[in-house]
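Single chain ahead, written as structure tokens, the form predicted on its own.
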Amino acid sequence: MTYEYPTEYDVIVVGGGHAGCEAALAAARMGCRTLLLTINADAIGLMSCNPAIGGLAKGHLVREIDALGGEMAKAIDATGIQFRQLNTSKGPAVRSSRAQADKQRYRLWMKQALESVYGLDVKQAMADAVLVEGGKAVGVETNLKVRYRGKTVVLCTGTFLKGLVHIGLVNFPAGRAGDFPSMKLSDSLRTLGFTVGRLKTGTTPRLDGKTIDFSRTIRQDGDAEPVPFSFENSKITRPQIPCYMTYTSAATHAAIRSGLSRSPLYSGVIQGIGPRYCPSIEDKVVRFSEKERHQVFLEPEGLSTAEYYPNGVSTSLPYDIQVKMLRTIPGLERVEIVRPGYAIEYDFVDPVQLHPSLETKIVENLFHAGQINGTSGYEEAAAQGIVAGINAAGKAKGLPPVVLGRAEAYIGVLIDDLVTKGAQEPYRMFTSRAEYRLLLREDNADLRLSDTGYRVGLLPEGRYRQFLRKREGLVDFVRRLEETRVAHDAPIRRLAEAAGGGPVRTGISYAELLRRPEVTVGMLLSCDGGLAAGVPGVAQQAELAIKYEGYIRRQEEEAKKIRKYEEMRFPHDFPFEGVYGLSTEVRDKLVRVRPASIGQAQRIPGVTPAAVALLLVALKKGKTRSR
């Protein structure tokens, strides 16, 4: 007998990982009655793999989530135990933030954030099927035969869809080690007509810190002045602790090779495709056999635990080989394993079956976010989660979808890549994936996205007012730099010339002076105390805007030209199969993806400029034919 739960929700979110948390919080904060279903209510927001948030390009995503009104940045600011700015010696477009998290405190912060929102119910249950009526999702049915009804459904299932854990030649069903898998939901999706595939990811052993000899490793401290992720915060006050670095050796590689015959990767047991950019240690040893050693970062899992995460040795080798290889690494000669490393295979749904809003094309009112779309990484999942939550709430309210462009956000790049190209392997974000990197810096995420977050009702009034003050302060600071002139006896003249530049002309503006590579805004502030008056935190942003003004303007012009193609939209039922002159290959790709615009069609691999020209003609004149 099936029990119909009496409450009808606006939004039902399945999954309590990073995607599910952001989706549920977004929907509820936008005023929708929201339900979050999770297999284990104690594992909400749990970091299944490395205990860290951010990294190259990933830090950009976290800042963008925060600018929209999400939770991840605030959670890591409150629970981070080591903060570092990466790529500081390189240009501003590729600088990123990363922080080690206190893993358990992060989980508890996120759980409390969900529980503190009125109108958001959290229930422990396993979703077995999506309920569909008339081509629209209307709820879910759980393993306890309880039916929850909702106007929209968001699936954020992580690695739980038919998850299978591998340690050597031993394998067992699990969503992750210690948690039940979801064995029926992906079958429900197949029945609805979705193309479902299989991917693989993995994690490292967890080590007992009491058995590590840190004197044989290299200490790595965080930044002396940690920079927060959230634009809401001005500083980090939590205690900071070090990480440590060591290396594999020839003995390590020999130990790994001795176990390859029992490796599920090399014995054909694992069928899923693994991540190219985060390979297991056995994969690195085989593929890069010429390398004498590989870095291993020993990352603490928290202030109240002895466990360490050895970043760089993700593995699914047998337990005895894991012990053998680890004990050949300097500092780990007597190490004890608390939890073994493992690989996990899981089902995912081809993301070309999604609209850019993350609503599925096959079933209306159904949204997918996170690893179900073929991505890897907490940040990628959370970024999709907040967009899916915003659009599911918007759909329940009858509002148009929010779609972020590639020149507007890394989130836009991420989602466009997924829905246009699909995922043949676990997708990971890199700065190189973005064409307009100078426009999409970490520091200006609030300038790019806060208006959107406020418009949809997600960014709180207080945060938005804070943002407006900052934006006005930035404009005022740049104006003062442009209007203030260098006097003949100004200290900045001597300082700038001593820094290695040529003579400084009397009467040039501070802005013109700041365009010199050797001159920094800090030098200007040290010589002119009056400049410091105003909104704090805008000086560095003003410096970047002035120094890179020409490059930024050029990228803005390029983005403007591309935008016109995004505005050339195909009707929902546009007959791609009937466009005259297309090759069979191109036609098949267009039918598979069904792009929303000429711009998206251009980005489908294999769609040629000639094919785009034919699409333009067909779109403008309606010249189609039947196959």
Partner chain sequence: MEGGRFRGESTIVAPATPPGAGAVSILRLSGPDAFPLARRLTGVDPAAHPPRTLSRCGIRNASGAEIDSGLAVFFPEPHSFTGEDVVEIHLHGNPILVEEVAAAACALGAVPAAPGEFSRRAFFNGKMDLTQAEGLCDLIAARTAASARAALRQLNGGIRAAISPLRERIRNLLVLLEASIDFPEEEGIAPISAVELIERVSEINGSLSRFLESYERGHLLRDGATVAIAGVANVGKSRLLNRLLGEERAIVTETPGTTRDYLSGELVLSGIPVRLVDTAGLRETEDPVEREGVARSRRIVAEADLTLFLLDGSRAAHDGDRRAYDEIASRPHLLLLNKCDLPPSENGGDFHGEGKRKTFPVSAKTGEGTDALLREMARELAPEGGATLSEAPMTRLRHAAAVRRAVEALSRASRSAGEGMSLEFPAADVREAADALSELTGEIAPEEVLDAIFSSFCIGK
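Residue numbers count along the first chain shown, from 1. Here the structure is a predicted model, which means the values were calculated and not measured.
Not pictured, yet referred to below: the form predicted together with the partner chain.
Engineer: Quick one: find which of 375 to 383, 118 to 126, 330 to 338, 435 to 443 has residues within 4.5 Å of the partner chain in the model of the complex by heavy atom distance.
Structural biologist: Of the options, only 435 to 443 has residues within 4.5 Å of the partner.
Engineer: Please check if R594 has a heavy atom lying within 4.5 Å of any heavy atom of the partner chain in the model of the complex.
Structural biologist: It does not: once the partner chain is placed as it appears in the model of the complex, R594 has no heavy atom within 4.5 Å of it.
Engineer: Does any heavy atom of K395 come within 4.5 Å of a heavy atom of the partner chain in the model of the complex?
Structural biologist: No.
Engineer: Although the partner isn't part of this model, could you tell me whether G91 comes within 4.5 Å of the partner chain in the model of the complex, counting any heavy atom of the residue?
Structural biologist: Taking the distances in the model of the complex, the answer for G91 is yes, it comes within 4.5 Å of the partner chain.
Engineer: Would L619 sit within 4.5 Å of the partner chain in the model of the complex, counting heavy atoms only?
Structural biologist: No, no contact at 4.5 Å.
Engineer: Could you tell me which one of A559, A41, L582, C49 places a heavy atom within 4.5 Å of the partner chain in the model of the complex?
Structural biologist: By the 4.5 Å heavy-atom cutoff, the listed residue in contact is L582.
Engineer: So which of Y464, W109, Y548, F194 gets a non-hydrogen atom within 4.5 Å of the partner chain in the model of the complex?
Structural biologist: By the 4.5 Å criterion, the partner-contacting residue is Y548.
Engineer: What residues of 276 to 291, in sequence order, lie within 4.5 Å of the partner chain in the model of the complex by heavy atom?
Structural biologist: Only a single residue, K291, comes within 4.5 Å of the partner.
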